[in-house]
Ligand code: IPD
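Below, in structure tokens: the form predicted on its own, a single chain.
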């Protein structure tokens, strides 16, 4: 996977240069909802990545957030792309966003890259080969209790039951006297922050595959845990992400896990 990792890293950095150059200079559009945004940077970055991959692997499948495709995650060779993870941050000139690229074979992620162009941080991983940031190995934290942890989270665009459940889980975690909750606006970076020990855990109840495909591999290769929000191992078919250093998994799940059934409590009174 060395060649694929090199392509993913180069593609992410090329896209990152475009995004950084366009910060504060592009038109903002809405994808159906006034809080689901897309910008010219999203589309330009994705086109840059796809064009670059096509020069090397013209027959590979590509699954990108902004480009319609018949590609499935189970296909033989698939590139999974989020060209700008953190578009709302970008649209408001908040310098916290990333480019995420994963390469998968028959539904299994083989390598992944998450690049933060504003801080020039490039997180990478190869299945079975460890996780890295700018060429240095990274590991998850050694915090063993939620009361000593900082937990990241995200809230899906839906402003109903999923939002209420997220807020309820935040309440439960804060009531358990964790040291902090962070909602940064980029799921891919949140996962990388778990991988390098900045966060001790992270959860989000609804995500798309391009949001977590690379980051989940990076967490696992850094020694952490990454499952669906009900604790299940669904890989690229996960509906959300429940991730941590492995040491606080059971305790954190008691506060923020979401069983995959209709009885899951919703709302602040749950």
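All of these numbers come straight from a predicted model, not from anything done at the bench. Residue numbers count along the first chain shown, from 1.
Omitted from view is the form predicted together with D-MYO-inositol-1-phosphate (IPD), to which the following refers.
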Although the partner isn't part of this model, could you tell me whether residue 221 comes within 4.5 Å of D-MYO-inositol-1-phosphate (IPD) in the predicted bound form, counting any heavy atom of the residue?
no
Taking D-MYO-inositol-1-phosphate (IPD) as it sits in the predicted bound form, is residue 211 in contact with it (heavy atom to heavy atom, 4.5 Å or less)?
yes
In the predicted bound form, is there a heavy atom of D-MYO-inositol-1-phosphate (IPD) that lies within 4.5 Å of any heavy atom of residue 197, even though the partner is absent here?
no
Does D-MYO-inositol-1-phosphate (IPD) come within 4.5 Å of any heavy atom of residue 84 in the predicted bound form?
yes
Of 72, 183, 92, 77, the only residue with a heavy atom within 4.5 Å of D-MYO-inositol-1-phosphate (IPD) in the predicted bound form is 183
Heavy atom within 4.5 Å of D-MYO-inositol-1-phosphate (IPD) in the predicted bound form - the one residue of 207, 44, 236, 62 that qualifies
207
Exactly one listed stretch (174-182, 151-159, 115-123, 134-142) reaches within 4.5 angstroms of D-MYO-inositol-1-phosphate (IPD) in the predicted bound form by non-hydrogen atoms, and it is 151-159
